[in-house]
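Below you will find one chain, with nothing else, as structure tokens; this is the form predicted on its own, and questions on how it binds or moves follow later.
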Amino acid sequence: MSWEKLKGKFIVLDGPDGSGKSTQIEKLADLVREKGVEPVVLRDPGGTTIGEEIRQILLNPAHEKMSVRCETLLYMASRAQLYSQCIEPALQKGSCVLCDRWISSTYAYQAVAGEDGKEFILELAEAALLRTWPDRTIIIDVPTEISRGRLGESLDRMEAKSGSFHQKVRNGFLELAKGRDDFRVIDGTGPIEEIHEQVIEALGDYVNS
């Protein structure tokens, strides 16, 4: 296996709330580091001072009247800052960027579940970002009843939305991934180590010589 191919690559793990993305990114970062490649681990929204402030606005349960269009624009603003400030410099340096969520989340949450318009969001991403799509997006797929059961009692504004909303989110991820060579969908219902092995397999064309 040749992990050197991950240098300068932009890898995203995405999926519904409760899918285990954060745990899997930490495990992947540890492995990448062990294999001699410097990982840069980020989250979207967030990852910069500006982005973290936007994240607080987006996820605050007190902002229940926020429109879907406002959500979309705030997510895109945080993402634009994250790319220019953190992702692009890291890629140019030869690091492997591992990011928790990206455009795929806005497609699933705002375009599909929020019905803000699929074409609008994809066109907005093209206009707002220096780079729209990562080298590889790995969707951790979990049935809604399981992912919802994994969430704690203290829910943020997006997590607190209805079960039907989150079912649409899951459908949005699967719809976006269908037929795309840069996406992989893995089963997130098993043990953590089993899911980790699937993440590695989803990077096979980069890490296998």
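Residue numbers here begin at 1 and follow the sequence given. Computed from a predicted model, the values in this text were never measured in an experiment.
What comes next is about the form predicted together with a small molecule, which does not appear here.
Interface membership of I195, defined by any non-hydrogen atom within 4.5 Å of the small molecule in the predicted bound form, is confirmed. Contact annotation for D100: at least one heavy atom lies within 4.5 Å of the small molecule in the predicted bound form. Mapping the unseen interface onto this chain, R33 falls outside it, with no heavy atom inside 4.5 Å of the small molecule in the predicted bound form.
Although the partner is absent here, R69 lies well away from the small molecule in the predicted bound form, with no heavy atom inside 4.5 Å. Heavy atoms within 4.5 Å of the small molecule in the predicted bound form are found in exactly one of 160 to 168, 177 to 185, 22 to 30, 61 to 69, that being 22 to 30.
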